[in-house]
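Heads up, the chain below is alone and in the form predicted on its own; it's given as structure tokens.
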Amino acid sequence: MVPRSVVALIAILLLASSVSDAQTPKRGGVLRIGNLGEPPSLDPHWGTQTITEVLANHVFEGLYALDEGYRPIPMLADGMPTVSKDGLTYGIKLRKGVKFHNGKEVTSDDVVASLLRWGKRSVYGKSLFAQVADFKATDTYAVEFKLKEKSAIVVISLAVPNNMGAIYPKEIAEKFPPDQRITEWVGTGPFKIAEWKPDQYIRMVRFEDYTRLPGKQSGYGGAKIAYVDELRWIPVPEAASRAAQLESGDLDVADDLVADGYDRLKANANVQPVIVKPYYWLVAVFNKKEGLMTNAKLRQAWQAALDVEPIMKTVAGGKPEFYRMDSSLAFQELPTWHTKIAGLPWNERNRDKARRLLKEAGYTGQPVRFMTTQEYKWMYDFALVSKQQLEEVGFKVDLQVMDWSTLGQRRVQPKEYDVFTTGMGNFFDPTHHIYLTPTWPGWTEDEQIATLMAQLARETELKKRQELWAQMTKLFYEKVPVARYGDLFGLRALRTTVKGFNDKTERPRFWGVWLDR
């Protein structure tokens, strides 16, 4: 007879072994990810759509990335830049031996061709290259920026994950001009595009020759280890369907879910829900290039009419843990740029003021074309409640509902709309606030805003930059380039068989993830 102590020891060792096995990453398998629809492009230079960012960041990389503290760290660059004493010359060395998906080694020629294209297309690239006097290769593995004036935004601009400075092979970057979407998706990332069947799936497979950094993953950078054989991105436009397919096991991950499904998902032993902070602050973007909303008093009337909390409660399914009331143009999670300024005309709920402004604007009931989508349910919900509140003060709102890809295409055509719904994700420098730029849909072409933006880009002392940002926040509420609502927190969920997922990033990344099944 085996003594009890021996039986207990064997049981402990077996349990420890099973726990260890569960925590040991496994290679293989297909990770099925339910997302809200088709991306308008997989070219990260092309646009700021979140879905493009999420997918493309698995395929493409830039010179720098952001760590878990939103600080720039080297990615394709070999270390941080060397900066001349006058602050006008930035030298960047490249990591040697990094391969593109086509087997070609990355050199400075690829970096120069890619970033010159990015500088003509991306909102962040345009902001940076407005300060650049010259950009060139200085060696096979080195490039150099020469600036017109001192700048605070060189490295952070090269590190942002959205509308990112992705590096392509030179021949591809030069084949597709800035006004044409790239359709040859050759990057350096841990996954490569294998197949795109519109409305069915996008397949990304592990890049076996990926040249990863040593150490651990950190935020959007660091070591990127692809454990799964394949990422399969499956468009499921309805959030309820994404949640149901996750619960049934047809999906491993479901993103962009709605808050009212949180309790059900939390009660499912096979599902792990994740509340995402920060996520978006909600905005109605005004077309300031032509049409009704070029009239600043109309934009001010829209702002004055809004009663934000009922809108946010509706969008958040009545759950207070999924929204926050805040007038700052930066999330609380970015304390360097978060502001607390009393007396701003935010959430005024002032119908009399709104009616007075409509009258001063000479508004006579012309339909305001307001574009939204049901693929992001929160956009549709906040558009519906906004329409109700606005019509109570005298606006006539023509709510136009379409798929997200179509909205993304129409919002760059100034004749197509007056207002559209979207969300502002995290930004990492004030000059990256896309709603304050003349190059992003909505087209904020305002001399005072442009002057302050230029000062923010030039100024390198943090305290002075924060003072300028406070001025910009006050100017924002005076000019109303967009209507700022509240902060919405996101919901995504995973099967419990998905291991190693980093739930601390605003947008999901699936390197470091493995399947335990």
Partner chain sequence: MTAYLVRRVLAVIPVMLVVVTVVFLLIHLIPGDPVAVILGPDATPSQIEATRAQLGLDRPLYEQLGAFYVRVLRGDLGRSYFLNRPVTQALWERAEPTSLLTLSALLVAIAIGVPSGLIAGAFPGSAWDRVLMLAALFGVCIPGFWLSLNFIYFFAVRLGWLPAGGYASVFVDPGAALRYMVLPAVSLGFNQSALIARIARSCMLEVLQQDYIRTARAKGLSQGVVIVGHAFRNAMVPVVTVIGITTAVLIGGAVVTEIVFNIPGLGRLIISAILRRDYPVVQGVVLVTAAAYVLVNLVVDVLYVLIDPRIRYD
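Positions refer to the first chain, counted from 1. From a predicted model like this one, the values you see are computed outputs, not experimental measurements.
The discussion below concerns the form predicted together with the partner chain, not included here.
A.B. asks: Under a 4.5 angstroms heavy atom criterion, identify the one residue in V228, V98, V236, V160 near the partner chain in the model of the complex.
C.D. replies: Contact check passes for V236.
A.B. asks: With the partner chain left out of view, which of D326, D109, E247, E144 would have a heavy atom within 4.5 Å of it in the model of the complex?
C.D. replies: For this set of options, the contacting one is E247.
A.B. asks: Name the stretch, out of 474-482, 57-65, 44-52, 457-465, where some heavy atom lies within 4.5 Å of the partner chain in the model of the complex.
C.D. replies: Answer to the contact question: 44-52.
A.B. asks: Please check if P39 has a heavy atom lying within 4.5 Å of any heavy atom of the partner chain in the model of the complex.
C.D. replies: Because a heavy atom of P39 falls inside 4.5 Å of the partner chain in the model of the complex, the answer is yes.
A.B. asks: I'd like to check something about W440: if you look in the model of the complex, is any of its heavy atoms closer than or equal to 4.5 Å to a heavy atom of the partner chain?
C.D. replies: Yes - in the model of the complex, heavy atoms of W440 and the partner chain come within 4.5 Å of each other.
A.B. asks: Any chance V123 has a heavy atom within 4.5 Å of the partner chain in the model of the complex?
C.D. replies: Yes.
A.B. asks: Answer for Q409 alone: is it within 4.5 Å of the partner chain in the model of the complex, judged on heavy atom distances?
C.D. replies: Residue-level check for Q409: yes, a contact with the partner chain.
A.B. asks: Any residue of 195-211 with a heavy atom within 4.5 Å of the partner chain in the model of the complex counts; write them all down in order.
C.D. replies: The stretch 195-211, when checked against the partner chain in the model of the complex, contributes P198, D199, Q200 at the 4.5 Å heavy-atom cut-off.
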